[in-house]
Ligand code: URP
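Take a look at this single chain, the form predicted on its own, given in structure tokens.
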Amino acid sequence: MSLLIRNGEIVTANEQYVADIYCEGETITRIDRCIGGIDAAEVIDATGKYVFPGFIDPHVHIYLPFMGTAAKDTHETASRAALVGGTTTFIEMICPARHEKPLEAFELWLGKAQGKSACDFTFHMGVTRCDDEAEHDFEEIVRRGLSSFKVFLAYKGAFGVTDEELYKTLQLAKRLGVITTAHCENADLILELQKKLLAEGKTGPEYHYWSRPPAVEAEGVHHLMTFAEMTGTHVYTVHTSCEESVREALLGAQRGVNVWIETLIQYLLLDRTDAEKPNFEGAKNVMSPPLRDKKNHPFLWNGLRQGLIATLATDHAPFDFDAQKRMGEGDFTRIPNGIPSLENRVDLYFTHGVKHGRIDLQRFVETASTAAAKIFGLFPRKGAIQLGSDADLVVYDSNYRGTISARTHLMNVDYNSFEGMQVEGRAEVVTVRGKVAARDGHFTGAFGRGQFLRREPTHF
């Protein structure tokens, strides 16, 4: 199996130049101007196109039992949508219930993906309890190839951990050399605010915001920074939604905390009014932390541009509007949380970031691919265009024009929160380890070809 991509404008996190890329087997073996004398099995003319490293989404939910239902995507539907959108690798959250054994949960999630995904994948291991039995399981899970944990400072009684468990988890992560990702809110405050709002008859989706206002998220980030400072553990704040929360993480960094910040495409383009639409339409856009005031948009864009925010993810969590979101009619606390966005992240980010002059091409690649690879132990196998890297490549047509619609997307969900938005750019050809998996908006890959990516811990 060989592949030659000719005359594309190669763009990485720190370089931009025109060259050919030759791939043998599954890796990049040569990069040069006008490579000749090679009889490649497939030749792609990338003249006038960008060639990016395959994009990485560091935060997705695919198999997700949650709030009395389950997310709609399978690894087949999610991976084909990811690939058509230019994402060649994703990191899925394993979210066991507190009573479940962590090792059994790891094996369950792995079994849902292996032999089914068309793109490469790995996991963050959710820590929903931390006792002696669980710690033994986590040690084994790290031996089997995971190098990141996930804790929830929310969802009390379900996924949420106590402060004692948080401390033990961070100590364990430090000892094992893994990074801890964290959903930062304050579970007790949320519960009390929810009770208050419902008692006042405020039951619609528009009140979800007021049960988890920015101060509640910022307090959660501050809480994590304190524990990380005490333990020396490397941490990563997922789906950071607003200025208040980013500033708390940056204050932690100033005190010496090793922290990376993630935000989402939803927080750059949607705002809280999208979750306040009448006739329960706002439920489509209920997620946690909630969509924030539009005034946060420039701050988050600036944070991405300046390198204060490390990564752009999706927190992809697809729940049908009619059959699932409506479970929360009459009680916003029962609306399954999540906005599906895995397929549209790259094109929306390119359109509103690069095309609108908010970020340059290098920061685009860094925040949507390379930084995640570096933080989570995948670089330079992923997130790079260099000799020996996996041949995950995206030939990108910046002249394409299109419109996002649930009628045409490949995600297995009955609505799209970005319905009607215009995009200026699209992945023309997407390869996974040297083989074309998407072309011109159509999936051409093979289900089951995606590999589980083993990652080694880093003893900081």
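Residue indices: 1-based, along the sequence shown. Since this is a predicted model, take the numbers as computed values, not measurements.
There is another form of the same protein, the form predicted in complex with this ligand; it is not shown, and what comes next is about it.
Proximity to this ligand in the predicted complex, defined as a heavy atom within 4.5 Å, holds among V216, M287, V257, I261 only for M287.
This chain lacks the partner; the member of T74, T351, N337, Q194 within 4.5 angstroms of this ligand in the predicted complex by a non-hydrogen atom is N337. Looking at R426, you'd find every heavy atom of it more than 4.5 angstroms from this ligand in the predicted complex. At the 4.5 Å threshold, heavy atoms of R433 stay clear of this ligand in the predicted complex, well away from it. Put simply, Y63 is far from this ligand in the predicted complex: not one heavy atom of it is within 4.5 Å.
Contact annotation for F152: at least one heavy atom lies within 4.5 Å of this ligand in the predicted complex. Stretch-level contact analysis of 314 to 322, 291 to 299, 370 to 378, 126 to 134 against this ligand in the predicted complex, using heavy atoms and a 4.5 Å limit, identifies 314 to 322. In the predicted complex, H183 is the single residue of 182 to 203 with at least one heavy atom within 4.5 Å of this ligand.
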